[in-house]
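Read the single chain below, which is given as structure tokens and is the form predicted alone.
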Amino acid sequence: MIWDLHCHLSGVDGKTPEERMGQLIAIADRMGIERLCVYMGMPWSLDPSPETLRKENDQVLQAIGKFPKRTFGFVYLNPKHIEASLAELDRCVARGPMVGVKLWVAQHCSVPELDPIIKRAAELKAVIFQHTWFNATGNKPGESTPLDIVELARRHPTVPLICGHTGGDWELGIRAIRGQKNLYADLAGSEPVAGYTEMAVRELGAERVSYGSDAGGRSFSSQLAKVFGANIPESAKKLILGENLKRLMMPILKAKGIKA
């Protein structure tokens, strides 16, 4: 069982969300990937207005609506627009088919403005994914690092949070989040170098690590190689490739009556 935590419609061929989702699934089929988590639009926006948020989320709703047995949607939110974000969370998750939350680079996740979003998402049992990065040339103005998500996780210690990309510079990212037990590592998006997955398993435990690709920005195969080529037990690979994500998603899937 392989579930991909981290997919986008951008970077994929096709004029419509449905066409792009079809392309992703066709490639996923060749890779043996069963389910894809999808978020953000085509193209995505760094600091989306409420109108743009709704537009991008509508595109994802179109994409997953065409392939409901293969895809999960995460609602894209901007903490600079709290009321609009809470409205989108209710529209797309509480009253819609989405099962998670995607937070990107508009606002550092360490600020208290995120708290109402995290609280409401937790009430809905939604999976929460926050992009993080340690950029050697400097982050975008609102871009979070793993240190930011540690602050957020400390304010919400009972809420599972996923540290997107594990900060890009994974050696720093793994060390940053290892002491905060409600934080989980996403393997997606960086180069498939040796040692990444091994260190994550050693420092965090295999139960806190999940495979993601960042397709279409990255290939499925290069990111799967991080797991298949890792010097870790087969039992750990199974957890990382899908069992961990399924465990995190199971509360909301059960609540929505979605069979996994």
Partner chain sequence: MNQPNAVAASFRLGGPTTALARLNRREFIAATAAVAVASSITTDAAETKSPALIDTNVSLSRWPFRRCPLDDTPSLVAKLRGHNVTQAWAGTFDALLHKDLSSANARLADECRRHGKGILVPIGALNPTLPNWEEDLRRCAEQHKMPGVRLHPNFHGYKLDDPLFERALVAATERRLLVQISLGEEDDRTQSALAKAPSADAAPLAAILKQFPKARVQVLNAFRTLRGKPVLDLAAVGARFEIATLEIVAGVGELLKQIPPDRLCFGSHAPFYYFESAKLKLQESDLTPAQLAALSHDNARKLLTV
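Every value quoted in this text rests on a predicted model; they were computed, and no experiment measured them. Positions refer to the first chain, counted from 1.
Just so it is clear, the following notes concern the form predicted in complex with the partner chain, a form of the same protein that is not shown.
Peer 1: Looking at the partner chain in the predicted complex, do all three of Asn135, Ser221 and Glu234 come within 4.5 Å of it through at least one heavy atom?
Peer 2: All three within 4.5 Å in the predicted complex.
Peer 1: Given a 4.5 Å cut-off on heavy atoms, tell me which of 107 to 115, 84 to 92, 170 to 178, 155 to 163 is the interface stretch with the partner chain in the predicted complex.
Peer 2: The contacting stretch is 170 to 178.
Peer 1: Quick one: is Lys226 in contact with the partner chain in the predicted complex, heavy atoms, 4.5 Å cut-off?
Peer 2: Because a heavy atom of Lys226 falls inside 4.5 Å of the partner chain in the predicted complex, the answer is yes.
Peer 1: Taking the partner chain as it sits in the predicted complex, is Glu203 in contact with it (heavy atom to heavy atom, 4.5 Å or less)?
Peer 2: So Glu203 does not count as contacting the partner chain.
Peer 1: In the predicted complex, does Glu151 come within 4.5 Å of the partner chain, counting heavy atoms only?
Peer 2: Result no; Glu151 lies far from the partner chain in the predicted complex.
Peer 1: With a cut-off of 4.5 Å between heavy atoms, is Glu198 one of the residues that contacts the partner chain in the predicted complex?
Peer 2: Yes, Glu198 is a contact residue.
Peer 1: What residues in 1 to 31 sit within 4.5 Å of the partner chain in the predicted complex, counting heavy atoms only?
Peer 2: In sequence order, Met1, Ile2, His6, His8, Ser10, Gly11, Val12, Asp13, Leu24, Ile27, Arg30, Met31 come within 4.5 Å of the partner.
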